[in-house]
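The chain that follows stands alone, in the form predicted on its own, written as structure tokens.
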């Protein structure tokens, strides 16, 4: 007689892990976290003492990367919102969840960097509770917080975290998108004005610097959108894909040309303005020990080659992606050259040798601890980004 008993023992479920191409973000992120954790530990236990910063050069690598990330974060959303809502480039709208989540991740990284750069990080809330509105930094903090709330609200609606009627959600999203434009513009202008209003630093103290920040952020942001489109477009066999990439390539190329124009105006007026301090700082950028960061990293790899590729090969996604990648990655050289050389130039003749101390040195070079901390921040961003692309409805959701 056949045995008809039923095995009531629960069956073990096998957890299967399917590799996705986007998992490379969190894998690399974990590696960077491990490498950078040493630098973060030093920062948390010893403050800013292990850095190469000092009284003469209080801002360095971290502030440069903060401004770079702000350019990417705000610039990409400004360009995307303008194209989708003002120019009616509707085919680009399906990338909205991805663009918003990318901006959110970059925003977290930027805020973490500037928090680590504070001497007393636990006092960051003082500028909120006790604001001084005559200070550009106060305006920058307030605008960044407001911009963060708008971005989080948009992301929550797009990902369906906040449940509501689809028509109503679309209406609120459009309102938030329009609201983000003036606040984003204000944030970029103010971030440039933080440097532009410093009368003691002649190279910074120019009304054209905030404009250069705006143009540069649009160039970096449009390059980031182009890179996202090349990497993550849902149907790469469609004609829409090539048309979108071609159009974004032209936009990015023209923004890069505009960036060249704005930077050239500042450069020529500085070199022929007759101010020795401004001239010395500009010459430090162009011919100093790190001249290669400007001429090779930024001008050649970040501007000249991408412009040629975007104008002549922009209709080919592979070359457009390479150009966008080069442009986005190398733009950090611009912010570093804005921040460091000016501070590394003595304000008075003989000041460099008047006092001798490790923290009274104009020869600032970011040390290993500072680079490790940057790697930790980018590692954390990579983990958040990779896990978000895996578990959140970002790439699948169409808008």
Partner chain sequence: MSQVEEKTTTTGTTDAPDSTRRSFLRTLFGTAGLAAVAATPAGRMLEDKTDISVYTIGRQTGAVPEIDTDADVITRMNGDLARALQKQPAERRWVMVIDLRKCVGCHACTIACVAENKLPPGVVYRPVLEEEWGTYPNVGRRFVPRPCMQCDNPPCVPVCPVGATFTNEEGIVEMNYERCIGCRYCITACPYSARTADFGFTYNDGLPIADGLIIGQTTADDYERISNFEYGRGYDRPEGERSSPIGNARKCHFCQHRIKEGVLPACVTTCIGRATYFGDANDSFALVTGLITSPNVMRLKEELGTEPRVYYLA
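Residue numbers count along the first chain shown, from 1. Remember, predicted model here, so these are calculated numbers, not experimental data.
The same protein also exists as the form predicted together with its partner chain; that form is not shown, yet it is the one meant from here on.
Q: If we take heavy atoms and a 4.5 Å cut-off, which stretch out of 68-76, 297-305, 123-131, 143-151 is in contact with its partner chain in the predicted complex?
A: Going by heavy atoms within 4.5 Å, the stretch is 123-131.
Q: Taking 93, 246 and 250 together, does each of them reach its partner chain in the predicted complex with some heavy atom inside 4.5 Å?
A: Checking in the predicted complex: none of 93, 246 and 250 is within 4.5 Å of its partner chain.
Q: Going by a heavy atom distance of 4.5 Å, is residue 204 a contact of its partner chain in the predicted complex?
A: Result yes; residue 204 sits at the interface with its partner chain in the predicted complex.
Q: Does the 4.5 Å heavy atom contact test between residue 118 and its partner chain in the predicted complex come out positive?
A: Yes - in the predicted complex, heavy atoms of residue 118 and its partner chain come within 4.5 Å of each other.
Q: Residue-level contact is defined here as any heavy atom of the residue lying within 4.5 Å of its partner chain in the predicted complex; does residue 197 satisfy this criterion?
A: Yes - in the predicted complex, heavy atoms of residue 197 and its partner chain come within 4.5 Å of each other.
Q: At the 4.5 Å heavy atom threshold, is residue 193 in contact with its partner chain in the predicted complex?
A: Residue 193 belongs to the contact set for its partner chain.
Q: Going by heavy atom distances of 4.5 angstroms or less, which of 54, 64, 29, 366 would be at the interface with its partner chain in the predicted complex?
A: Contact with its partner chain in the predicted complex is made by 54 alone.
Q: Under a 4.5 angstroms heavy atom criterion, identify the one residue in 238, 283, 135, 269 near its partner chain in the predicted complex.
A: After the contact test, the surviving option is 135.
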